[in-house]
Every structure is written in C-alpha cells, then in structure tokens.
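In the form predicted on its own, a lone chain appears below as structure tokens.
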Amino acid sequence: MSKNQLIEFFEELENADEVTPLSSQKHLSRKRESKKNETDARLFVRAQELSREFHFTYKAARFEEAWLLDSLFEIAEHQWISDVLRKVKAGKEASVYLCKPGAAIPTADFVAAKVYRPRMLRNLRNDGLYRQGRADLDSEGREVIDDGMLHAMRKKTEYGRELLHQSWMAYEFTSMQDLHEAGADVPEPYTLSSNAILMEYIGGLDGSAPTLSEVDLDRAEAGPLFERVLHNLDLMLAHERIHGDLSAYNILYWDGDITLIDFPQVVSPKVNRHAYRIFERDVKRVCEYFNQQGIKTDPKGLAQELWTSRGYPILQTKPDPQE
C-alpha cells in the first residue's frame, strides 16, 4: 500500500470517527458505508503488517496506530528509537510522542518524535507566503533540481503535494541543525524520515515542557528570558533565518530556560520580499507576551534595530495575510 493510499484511508476513517457522531452514522449512504468498511479493513491490515516488526508501549487510538507505525517504522528500523512511550502533544498539523532512544542515540534518556498528521500533506496553510524565494528541498535536505518534480510541485498534483510536504519538513530539520550548531536554543535534531522528525526531548518523564503561553513569570525572571529570546532572534538573523511563526505558543519553558520550536515555515531575510513584515510580526508577538509579564517593550523599535544591525534593508510591502 502506498503512502498516498494510506493517507486516503486514514482521513476517511478519521473523519468518520471524529466528525460523524455514532448516532448519525446510520444515516451514511450505502456507498459511503461500504467505502468505510473497505478502508477500515485495509488500514487494519497495514497496521498488522507493520506491527509484526515494531511494537511499542503506547496504545494508539484505533486509526492512529497504522499512521504512527508507518511514520516511525524507518526511524525504528535504523535504531533511532526502541519504543514509543506516550503522546505528549496533539496538534492540528503534527503530534509529538515521547520515545525511548535506540542504539543510535546512546546518551539520551528520552527523545521526541514529531509526526505530521495526514492532512498536512494536502493543506499547508499559506505555504506560498513562506516558500517565496526558497528553493525546494528533497527528503535529504538537498535542493530539488529535477524538472519533473518541480513541475509536480508547481501544479500541486498528488505527487507534488507530497514533495512539498517533504520540502516543508526538510526546512524544519535543516534549520534546526544549523541553528543548534550555531548555539541557538533549539532542540537537537537527530534524524528525518518521510513523515517524522526525531529530536531532543524537552521535559521530564511525567510531562513535557510547557510553552511560555502556559507560564506566568515573575518580573525578575521575565527580563533575562526576554533578552534570551532577542538573542535567539538576532542569532537566527545572523544565519539568514526568520522563524516565521514565533510566539509564546512555540517557545518551551523548562528549568528556567527557553527552547524555540516549530521551524517548517522559516524564511530567508535576503530572498523573501515579505521577510521584514514576517520578522516584525514575530517580534510583536513575543513582546505581547512579555508585556503581560511586566516587561516594557518597543516591538517596532526592536525589530528595526535587530534587522538593520545585520545589514538588511527595510522594504515596505503590503501586510501579509496573517497579520
């Protein structure tokens, strides 16, 4: 069974279970009911095929199991992980799982697997805004130069959407690699598969690190942490990266330290014509949180200072759709 078929089956079943109440399922048309039974059976077979070779502690929901097995099988096969212990975060675009590392990562107690949900393959939100000026990357993080692949991505065919998804993930992984090596406060990335990123786990056995949005800081702690966030923004600019969606919702807080997460939408300050507005929005959102923690900020002034100190010109463009 191909990945595209598995996506179709997963979405059909997920919609039936999560969107259609059990009391209403009797009203499904015979055709839809027949298709549901068929996909149910095929997905079950897929799960059974993979589970013969990879077993994990986490008891996934009925239709989550096959997708999770398919997404993590390659990582497990290469001994990056030896077990999936539990789900620590469920999101609209991806879920994060606490895993026990395998022989390939002997020094870590736990690792985190970020597994993208099937719909991300089809509906990358406003991805054109972030992809503007970016080269497309393959699953190995190399620039795509094949004309057929590039054509499929431009046309957004089924194959093209999967390639775009791989490029989206490759940008997240390679950005984390570069920034971690540069000393930024990001999780250490370990490996990338066709639908998952394995990285350093931030948190404890009892729970993952909360985001800043879930934490109230006292002013004595808020000040240094705000300066640390600004340091990371500046460091990213120095390495030609803008987070693109930074806020208190994707900055983790653990043992008094911060960790920036979620980098698939990174943009270049050099080639994206909306780069400054995107950067200014990141700074504004960070400042909004720290204002609530008692820190007086000047978002526009800070954005301009950080931007121009790295030699980038401020280009006036129309506001982007997410502002």
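Keep in mind it's a predicted model, so treat the numbers as computed, not measured. So that there is no doubt, residue numbering starts at 1 and follows the sequence shown.
One more form of this protein, predicted in complex with a small molecule, exists but is not displayed; see below.
**Q** Which residue, Asp127, Asp234, Glu200, Asp178, has a heavy atom that falls within 4.5 Å of the small molecule in the predicted complex?
**A** The option sitting close enough to the partner is Glu200.
**Q** So which of Leu164, Val229, Ala184, Ala112 reaches within 4.5 angstroms of the small molecule in the predicted complex, heavy atom to heavy atom?
**A** It is Ala112 that has a heavy atom within 4.5 Å of the partner.
**Q** Since the chain is shown here on its own, which stretch among 258-266, 64-72, 280-288, 293-301 would lie within 4.5 Å of the small molecule in the predicted complex, judged by heavy atoms?
**A** Contact criterion met by 258-266 only.
**Q** Check Glu93 for me: does it contact the small molecule in the predicted complex (non-hydrogen atoms, 4.5 angstroms)?
**A** Contact with the small molecule, yes.
**Q** Does Val88 reach the small molecule in the predicted complex, with heavy atoms at most 4.5 Å apart?
**A** Yes, Val88 sits close enough to the small molecule in the predicted complex that at least one of its heavy atoms falls within 4.5 Å.
**Q** Would you classify Ala76 as touching the small molecule in the predicted complex, given a 4.5 Å non-hydrogen atom cut-off?
**A** Answer no; every heavy atom of Ala76 is more than 4.5 Å from the small molecule in the predicted complex.
**Q** Verify the contact flag for Leu246: yes if a non-hydrogen atom of it lies within 4.5 Å of a non-hydrogen atom of the small molecule in the predicted complex, no if not.
**A** No, Leu246 stays farther than 4.5 Å from the small molecule in the predicted complex.
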